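Laid out below as structure tokens are two forms of one and the same protein chain, each shown alone and named structure 1 and structure 2.
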Structure 1
């Protein structure tokens, strides 16, 4: 398998003669419970931005949003789908996502924080591997998502009730490298889940704010790098406003514009006489003829 360009976390080089466009990184925090959200809201200075039904979204001016989804697979799927769809309408840039919450664990002590590198949906048996490309600042663990609170803790794994559907929903909208999970152990074979109150849950999240802050910072940088690499060139958007292209032609146009800028250091739309081009097919042919021979 080819290495992902994100794994280097390297910024793009500047193209001579072309002013580098600003790149941004955004992070969406997803929690199931209001008690899990409260320490994060205080720590990151978030303010409530919108309420849709029972869905609450918070944010700040540094590109961080927090979504309180509610408990259960259907609630998490609906909430994550809503926020992803809303953000896609507002911007073509992708955000990183981080699911934060409490979880049971078969081996680790209460209060430990773990970054998840394998997610198993117990009901379906489906297994996913979210690639951990940033230094998580915490040990890694597998996660099992169950439909009812776990009491047996049979495996050396964390147990929750939303991780698998969070992952499957969010990765419909963003690349899997930008979709991460961080769990704080709240119950274990020696500490049953019924002893975990709202105040206990809030305290556990509070105890791991430093690790969560570290992850948010790294994911923000990762999202910025991703957007720098994969952002649609501005000239493509301008040309698409003028010409009707098929999906295949749009992808071809994107590739040609990137190649032209890399080889010449200038924007392709500024070199075209658009008044002499009558169709999307002719546009593609004209651009191909303008590319320098290698």
Structure 2
């Protein structure tokens, strides 16, 4: 798409003086432009939570965050890295990520929504394959991320200016199954990008809200499943507050607590008389002795 006539933040609602709130969304929406964000903010009832150096993060209390990254690879890398880092500090929970935006396309009609199954970084030639685990009922497409607005649309692919770096940045933080891209076609060989105004871009995103909503819901479920499986058991944190353990003992404790839960369905710390345990080593030994055979 030709992003140049559209500005990142101009059309976003200003919410001055909002105090920062913890950002712990289970789904992070990433858009490049304010006009792409607008229908999403309205649809998901998001409120501005943070403004950091021109970056805006919106959120709701149902675990959804929205990040307006700005246009281009370095902007999206910085923005995604910032949000992922922030969320990692605040919570061990993993979020799913969804990049939503308008894009040019070599074959598809303006207004079509597509899920991205292959991303080529045009400059480096690097190719990635985001797994399309969640199917919103939209067709799939390849995506080519270009450094300058695309005018030729040579391939049967979508064209944007952020996708490849969004993917490579986010998959440093989360497993690739939790990272997807959804594009709405805004320009094509027959409909050049200079005709895409902010209101046109907003309208295009608006027209695909049903698919985006479906993706967000399913990704939210996926992230919830993931976190339910892999989050550190509460009892581990509790025991770590009480005992000083080496790193390898901490790993052992984590594994033993999980195994105990898996085998008995209950928390191990409830069965332990912590006052009778003097050291980390003794704690590990006692727990090992408590594990049932089957």
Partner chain sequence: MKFSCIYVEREVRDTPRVKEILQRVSDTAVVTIERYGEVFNRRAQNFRLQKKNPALILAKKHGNLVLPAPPGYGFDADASFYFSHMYNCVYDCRYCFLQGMYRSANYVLFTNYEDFADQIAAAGQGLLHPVFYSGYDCDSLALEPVSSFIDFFLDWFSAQPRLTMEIRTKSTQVRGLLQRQPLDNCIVAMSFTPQTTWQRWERKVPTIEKRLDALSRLQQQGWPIALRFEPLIYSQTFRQEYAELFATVFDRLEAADLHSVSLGLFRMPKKFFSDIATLYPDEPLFARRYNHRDGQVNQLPEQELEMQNQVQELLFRYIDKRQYYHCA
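Remember, predicted model here, so these are calculated numbers, not experimental data. Between two forms, the rigid core is the largest collection of C-alphas that superpose within 1.5 Å. Numbering follows the first chain given and starts at 1.
- Form assignment for the chain places structure 1 as the one matching the criterion, namely the form predicted on its own.
- With both rigid parts superposed separately on C-alpha atoms, the smaller turns by 17° against the larger between structures 1 and 2.
- Its Cα shifted by 7.3 Å between structures 1 and 2, residue 281 is reported here after superposition on the rigid core.
- With both forms fitted on their core, the C-alpha atom of residue 237 sits 3.4 Å from where it sits in the other form; this compares the forms between structures 1 and 2.
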